[in-house]
Structures are given as structure tokens and as C-alpha cells.
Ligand code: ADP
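Shown below, as C-alpha cells, is a lone chain in the form predicted alone; questions about how it binds or moves come after it.
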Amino acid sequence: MIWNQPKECMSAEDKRRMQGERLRKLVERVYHSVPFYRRKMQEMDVMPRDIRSIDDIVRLPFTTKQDMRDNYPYDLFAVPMSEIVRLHASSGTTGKPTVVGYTRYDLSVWSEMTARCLSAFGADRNDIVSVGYGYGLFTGGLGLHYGVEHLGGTVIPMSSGNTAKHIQLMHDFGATALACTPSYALYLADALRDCGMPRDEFRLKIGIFGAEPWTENMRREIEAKLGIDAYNIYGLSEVMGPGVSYECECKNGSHIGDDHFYPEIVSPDTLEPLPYGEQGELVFTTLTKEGIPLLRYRTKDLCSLDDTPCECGRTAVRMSRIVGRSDDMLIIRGVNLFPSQIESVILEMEEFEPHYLLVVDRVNNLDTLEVQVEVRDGFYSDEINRMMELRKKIAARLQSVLGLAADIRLVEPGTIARSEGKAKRVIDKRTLN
């Protein structure tokens, strides 16, 4: 089902015209309302009148997370605080958080965008959605919450934590959809298996997963364990929150709400725009946001864009899965790698659980990589020879994919710590020394 057909199926010509008009109004507004952008544009010798179409977006300055921290808390807001009806903030681990403000209009756009996502996943007003994202300053919980209500469905505002109660209420309340991080979905699946409740007593059919990168292999693992259709939802608090893009039934990339969020792909090194199909850093301009509009915000997320027609009928540009973040890329002995590459290998092998931890260190001035991975029940053994063979098997597979030798540590099922939020996959001791 398509929630907003006039916008989601707009012709390319009409969309570009609308994007250009919205960009012109946006630039005019931030130039006169946000001193930061006025100063940036003057430094680049760009005036609002120079922006005539969406193609002129490349003339505008980039915005970074550091810019938002430097202007903490409200200096990037384009409206007075009397018009801000809600605040959210990122959960950054270093420095000041990035603060975002929403007007009533911003919240209405957010709710509508999330309703688009839910419709694309096959949800409607008859669905009961258990929202397992965190509520509060994190945008995940409230973003899905109001989207479900806008759709006309029923919300179970579970938030994160208390997994036993979550399972009980999904069972008793007849939840048909689950929204949470993919790593928590796997944790929930294991807990559901161990709780003794028969799977056929649950009505779950849809999974709404995001807030962290995940792979196709992880999708298959979740779908098999929970017996659902798993869909990707993407967002970030600086741009809006969950609902910036979403998969449809084709599961062939995530449609971006590009009537509100104009996407670009740029080289992380040169910041030069890259063509559709090439992988680079995802950049967004918030075409309609009132509270804290952003020009060319660098997400640090690495993916590619695709504007070819989708069989679902939507014409919105699609983004590929996030392969990692430019600031999360690990460089080990000169080799660039992302945790998602290792995850894909692990999930291809039936002997291993989808739970792993990467420990990076430096010994005698040489980088080391240890991969801790759980062995499934039925494959874990006290026989040294069997475990050595298993260790050699995954080590060889990882080396062929990564071009890098890793130390493999096989651990028993349930050994690696689980998370009810975003999973912690990497410990880089080089940054701790």
C-alpha cells in the first residue's frame, strides 16, 4: 500500500521542480535567520539569489555534527523558541550532544513520513505495533510512536529494557509488528525461544528495524527466528529521526522521502559529488524543516543511490544498505574494513550465531584483530580437533573476504554480551591507550 501516492509517485520532472522551489525558499530563510549559514555563504561568495534550481545545491556549504555541537544548543535554530514544541538530542559519547528542535509542522511531517514507511511494510490501521526503540531524547521511540498513531494503528510503547515483559505483552496484546534495532530483534528471538511460549501463539508478522547497520544475512536470520517479514527503516535525529527512508515490498533499497530530504553522495575524501550507483558518504539537505533546517548535512553513513524505477511504483530515489560509517571504518595494517563485512561472513556459516565482537589492538607496533564469535548449539564441542577445524574454516573465509588475517576466538553460545539497544561490535584498544 502506498500512503501518499501524489508525493511518493511524483514524476522526476515535477519532483525536481518542487525540490528547486523548496531549496530556494530554504536558502533564503537560513541566510536571514541563521547567522552560521549567512557567514558560511558569505565566505563562499554565495547569495540566496544564486540558487535557482536544485542543481545549484553544490554551491552551498556542508554542515557537520561538529558544527551542531559548536552551535549548541540553539544557535542553528531558524525560528524563535516560542515556535519549538519539542527537543531531541543525540546520544553522542563524546563532546556536547547535537540538539534538534521541531515545530508543529516539523512533527506533522515526521508523523506523515513514518506513516509512509509503515504502509510500505504492509501495516495499516488494524495493526498493533510494539515499539522497542528507546523513548526520551532518542528519536526512535517517539518517531515510530506518532507514525503508528498517524497511520491509525495501535501503539504498545514498550521502549527498551525488560525483555521478559516485552515478550509477555506482545503475546497478550496480540502485537502484529515489532520495531527495534536488528540486534535486539535477535536477542528477543533467543529470549522468546527460551521462554517456552509457542511461536504460533504470537501474531507477529512485520519487523521494523533500524538505528544500526545490518546485513541481508542478518535479515534472513531474524526472519527465520521470528517468522516475520523484516524491513529496514532509516533516519537520524539531525535530519528528522526514523522515517527518512524505508524499504518497500521489493526490499531492493530504501526509498528516501526526497520531497522533504534531498540526498547526495559525495566522496568522503574530496567532498566532490558522486554519480548514482557509486558508493560514498550520504549527505542530506532538509528542504522543508522549520525548526533546525540543515544544508548538506554530512551523515558519515556510506552507501549509494539508485534512481531507476522500482516495481512498487514509487519514484523516490533509493539508498542502498549502509555498509558502515566513514568514521567507523577500521584501518588494520593498511586494510580498510567494516564490521558489516565480518558479520556477513559469520551469518553465511551455519555453525555460528549472529553474535560477535571485534577486538582491535596494537602489539609491538603491529595492529591485531581478534574476532570473537559464538558457536551454535550442536556445533560447540569439547573436542579440541573439532574446534580447531571450525576455527580454521572461519579464519580462511574471513581472510579471503577481508584480505587480512584475524585471530579467531570461538566461544560458547550466550557468552557475548547482548544489548537491548544498539549492539557494541568493536573494542578498539588502540584508541584507549
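All figures in this text were calculated on a predicted structure; none of them were measured in a lab. A residue's number is simply how far along the shown sequence it sits, counting from 1.
Form predicted together with adenosine-5'-diphosphate (ADP): not shown, discussed below.
Proximity to adenosine-5'-diphosphate (ADP) in the predicted complex (heavy atom, within 4.5 Å), stretch among 156-164, 263-271, 112-120, 324-332: Only one stretch qualifies here: 324-332.
Contact residue in the predicted complex, chosen from G235, G280, G141, G291 - any heavy atom within 4.5 Å of adenosine-5'-diphosphate (ADP): In short, G235.
Selected contact from A175, C303, L151, A211, since only one has a non-hydrogen atom within 4.5 angstroms of adenosine-5'-diphosphate (ADP) in the predicted complex: When adenosine-5'-diphosphate (ADP) is considered in the predicted complex, the option within 4.5 Å is A211.
Any non-hydrogen atom of S90 within 4.5 angstroms of adenosine-5'-diphosphate (ADP) in the predicted complex: Within the cut-off, so yes.
Residue contact check: N252 to adenosine-5'-diphosphate (ADP) in the predicted complex, 4.5 Å heavy atom: Taking the distances in the predicted complex, the answer for N252 is no, it never comes within 4.5 Å of adenosine-5'-diphosphate (ADP).
4.5 Å heavy atom contact, Q168 and adenosine-5'-diphosphate (ADP) in the predicted complex: Q168: no contact with adenosine-5'-diphosphate (ADP) in the predicted complex.
In the predicted complex, N336 touching adenosine-5'-diphosphate (ADP) (heavy atom, 4.5 Å): N336: yes, in contact with adenosine-5'-diphosphate (ADP) in the predicted complex.
Those residues of 142-168 which, in the predicted complex, come within 4.5 Å of adenosine-5'-diphosphate (ADP) by heavy atom: Going through 142-168 in order - heavy atoms within 4.5 Å of adenosine-5'-diphosphate (ADP) in the predicted complex - there are no hits.
Comparison of CA distance in the predicted complex with shown form for L337, Y187, at least 3 Å: Closer is correct, given that in the predicted complex the C-alpha spacing of L337 to Y187 is reduced by at least 3 Å.
Closer or farther: C-alpha pair E212/I331 in the predicted complex, relative to this form, given a change of 3 Å or more: Closer in the predicted complex, by 3 Å or more.
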